[in-house]
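Just the one chain here, the form predicted on its own, laid out as structure tokens.
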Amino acid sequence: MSTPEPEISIAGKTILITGGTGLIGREIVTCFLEQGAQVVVGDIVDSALETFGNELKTKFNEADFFMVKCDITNENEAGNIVEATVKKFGKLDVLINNAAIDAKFDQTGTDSVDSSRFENYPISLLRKSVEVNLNGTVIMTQAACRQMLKQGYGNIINVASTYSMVAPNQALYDFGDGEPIRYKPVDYIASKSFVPNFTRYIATYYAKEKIRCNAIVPHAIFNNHGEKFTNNFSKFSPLGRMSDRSELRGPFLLLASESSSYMTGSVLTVDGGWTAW
């Protein structure tokens, strides 16, 4: 007789997600609430929190979530959002470090990408990304770990990137039409490259104190990208397409649940085979 597969459940878990109104954040928050979790949505943009909060109110019980403005680079605000989580729900089961600065190449973001070649790239932009993507992640994790140590357990999920594992293929951004290439800039690569090893650091540092830490590596989530970009991407991707945001639900559910109880220090790639070339 075969052993039944364990159920992947996050029902009743309290989950705090930073960058909760972004592309990944909105999808995962919605998924978690659908699965019976209690969710705290953190973000730095007031208007985005209000808009998303109003959307959630039409679908879910307001007792199961709340929105908090939080600048993860500010130690007081990081501490405050953890404190607010515990005050509301009595615990913090899972922290998801999702907030980040990233140059987007969808139709609404391409024009804002600084296309400077590496030798001319503004150091001020690098410093800004390091402050959020690296320092902010450390600060937020410190705040969560202090609470998790008090309660005797915890689970941290970091959001990495394929560009924390491999270099960008800059040919992806060359459409062969004579238009200037908009390079994937160095700030994201430099600031995100620390995430996999930071994940291993936290995992091994707190393993005996029942705090787990893993990372998810998403890649190329379709968000109204132009035809030139999507066609170019399909040539470089083993699966031949960009990902749908819903395809991140399963990996996040797994790592947030007790079905991953023997996973810590893992870096789970969800990249259509991009890093397998």
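Each residue number is its position in the shown sequence, starting from 1. Keep in mind that this is a model prediction, so the values were computed, not measured.
In what follows, reference is made to the form predicted in complex with a small molecule, a form of this protein that is not presented.
- For Asp71, a non-hydrogen atom is located within 4.5 Å of the small molecule in the model of the complex, even though that partner is not displayed.
- Taking the partner from the other structure, the small molecule in the model of the complex has no heavy atom within 4.5 Å of any heavy atom of Ala78.
- In the model of the complex, His219 approaches the small molecule with a heavy atom inside 4.5 Å.
- The closest non-hydrogen atom of Ala144 lies beyond 4.5 Å of the small molecule in the model of the complex.
- Exactly one listed residue, out of Tyr188, Phe194, Tyr173, Phe89, brings a non-hydrogen atom to within 4.5 Å of the small molecule in the model of the complex: Tyr188.
- The partner is absent here; in the model of the complex, the one residue of Thr269, Thr21, Ser260, Thr14 having a heavy atom within 4.5 Å of the small molecule is Thr21.
- Stretch 94-102 is the answer when you ask which of 94-102, 117-125, 197-205, 144-152 has residues with heavy atoms within 4.5 Å of the small molecule in the model of the complex.
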